[in-house]
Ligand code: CP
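There is one chain below, alone, in C-alpha cells, taken in the form predicted on its own.
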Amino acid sequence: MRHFLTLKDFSKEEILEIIDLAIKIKKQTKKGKLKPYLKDQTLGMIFEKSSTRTRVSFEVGIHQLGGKGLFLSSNDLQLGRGEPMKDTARVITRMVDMVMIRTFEQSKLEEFAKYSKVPVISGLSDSYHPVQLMADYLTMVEYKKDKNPVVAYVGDGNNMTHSWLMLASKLGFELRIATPKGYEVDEAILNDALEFAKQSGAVIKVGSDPKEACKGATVVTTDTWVSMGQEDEKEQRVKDFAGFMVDKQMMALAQDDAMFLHCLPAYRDYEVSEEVFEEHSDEIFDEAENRLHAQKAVMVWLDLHR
C-alpha cells in the first residue's frame, strides 16, 4: 500500500504515470464520460486548516469517481479535543477507503499514515504541498512548458518551495529559487533535493536575487508571503519581502512566452502585481482547475497500488 505524503517518496516514472492518468481522466471528464474508478468508496477528508480549492476539488473529485467524500473538521472530531492522531487513524481507517489530511506538521501526516489501514493523501502540511505540484506540472504539460523547463520560484521558502524542490529534483529540470534572507528553504529538504538531483541531472540554484532567478525562465511562480498561521507577522514580512513582487519588469526578464503560476489565494500587489496576475489568469485558473483532475489521478493510482 502506498501513501501520497510528499513527492520525495515517488520516482520520476511514478510521477509521470500519475500525470498521464490525470490527462486521461481529464479528457474523460470534459467529454462527460465519468468513469467510476472508485465506485462506492468513501474518502475521509480531515481538515485542520481551512481550504477552498482542496475541499472542493477532493469532494467533487471523489464524487466524479463514483465515491463519496466525508468532510471532517478537526473542530468536530475528538482529534480537536486531544485524541492522539494514531488513535484517530486506527478508528477512521477501519470505516473509510482512503483519507486526505490538510494539517500543520508533516509529522502528523506521517503518524496517521503509519497507523492507517488505507492510503493517506496530503492535502497540505507546513512542509509540503504535493497535490498542488501535480496540478502545476499537469498545467505545464498542457501549455507545453514541460520540455526542458527552467522554473523560477520567487518568494518564501515554504511548503510550495519545498515541493518544487522535490518535483525538479525527481524529474530532472532546472529550478532557481530566490528567497529573502531569513526566509530560506529548509536545509534538510534542500539537501535531499540535491541528492536526488545527482541521479536525475536536475539543476538546483538557491539564492536571494529574484531578478537573477527569472532571467530566461520558462515558468515563473510564487506564493503568498503570509501563509495561514502567520497573520501576526504580516507587517514585518511585507517589509522583508520588498523587491520580491513578480511584476511586469520581473516577468520581462523571463522568456517572452514564459508562463506564470500561482497556487492561490493571490494577494495582488504583494507577491504578484495585478497586471501580471490578470495577464496570466488563464494559466492560473487552469492550474486551479487541475487540482481536481490531478487529485483524481492520485486517488485512482493509490487505489491501483493497494
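A residue's number is simply how far along the shown sequence it sits, counting from 1. Keep in mind that this is a model prediction, so the values were computed, not measured.
We do not show the form predicted in complex with the named molecule, though everything after this point is about it.
Remark: Q249 does not count among the residues lining the named molecule in the predicted bound form, judged by a heavy atom distance of 4.5 Å or less. At least one heavy atom of H129 is located within 4.5 Å of the named molecule in the predicted bound form. Interface membership of H293, defined by any non-hydrogen atom within 4.5 Å of the named molecule in the predicted bound form, is ruled out. Among residues of the shown chain, R102 is one whose heavy atoms approach the named molecule to within 4.5 Å in the predicted bound form. Contact here is defined as any heavy atom lying within 4.5 Å of the named molecule in the predicted bound form, and by that definition each of S50, R53 and C263 is a contact residue. With the named molecule left out of view, the stretch that reaches within 4.5 Å of it through heavy atoms in the predicted bound form is, among 211-219, 129-137, 191-199, 67-75, 129-137.
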